[in-house]
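Take a look at this one chain, the form predicted on its own, written out in structure tokens.
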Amino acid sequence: MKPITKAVFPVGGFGTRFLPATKSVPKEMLTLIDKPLIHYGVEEAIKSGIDKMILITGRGKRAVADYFDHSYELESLLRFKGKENLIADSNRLSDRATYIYIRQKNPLGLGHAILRAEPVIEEPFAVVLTDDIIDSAIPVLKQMMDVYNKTGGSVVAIMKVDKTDISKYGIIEAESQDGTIYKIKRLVEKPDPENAPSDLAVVGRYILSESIFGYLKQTNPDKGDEIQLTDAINLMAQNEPVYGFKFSGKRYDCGSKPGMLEATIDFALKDDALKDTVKRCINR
């Protein structure tokens, strides 16, 4: 079985939920405590053994590419001030992986973004949506790679959601279950809660066979002229095994203001330098 060594990061979207900040700052560069959102996703991939990051970018995303490069002016200043320890910290992710940047000229859906990566992928690969920050003892991608090695099939991360939130997600219909692993029959995008096949929602982590590119090419654009990954996975599930994996960890929707706020508070409470300040602010 081929190892997973590449991860795709679709980072070409506009981030309209965080306007006006995202007029000039890519949403992936919004900070959670002291690191941008994309830092957490790349760090998770590296800790899972992945060393090739493929970033699907768009207009106005130069800051994302710059973040994973060396800043020689900054390094020179830090050396002059005797803060060389900060140089190692700032370059830690840059030096531990190869970064490939591919432009998505038009943001035509998640499926379209992933399809842009086809020229540089010939094997199963991971997909990370950086809006989803997942705090876990074992990186979620590593958990999913273990499931992939066990089953040999594509894997999507799933979690149980409240009935009132079902219509916000893609929901799985399972054909069978083995503990935390569900063989997927189909995915239903944002169903009515009363007619949903389950309460298990897909979140932003995937391990996909390279065959997904063929299914994406067969997928018709939706009413918004976007190619949806959900539709392609449904085609895949008709021809080869696709599994949902109920991961261990807490997921934060940092693509929304409430989710970002919750993550900021929780991460700050885990930081010895910040937790007392946060507690004082909460208890005012």
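A residue's number is simply how far along the shown sequence it sits, counting from 1. Fair warning: this is a prediction, and the values are worked out from it, not measured in the lab.
The next section is about a form of this same protein that is not shown, the form predicted in complex with a small molecule.
Residues placing heavy atoms within 4.5 Å of the small molecule in the predicted complex fall in a single listed stretch, namely 106-114, out of 158-166, 140-148, 106-114, 177-185.
In the predicted complex, the small molecule sits within 4.5 Å of a heavy atom of residue 16. In the predicted complex, the small molecule stays beyond 4.5 Å of every heavy atom belonging to residue 201. In the predicted complex, no heavy atom of residue 196 sits within 4.5 Å of the small molecule. Proximity of residue 129 to the small molecule in the predicted complex falls within the 4.5 Å heavy atom cutoff.
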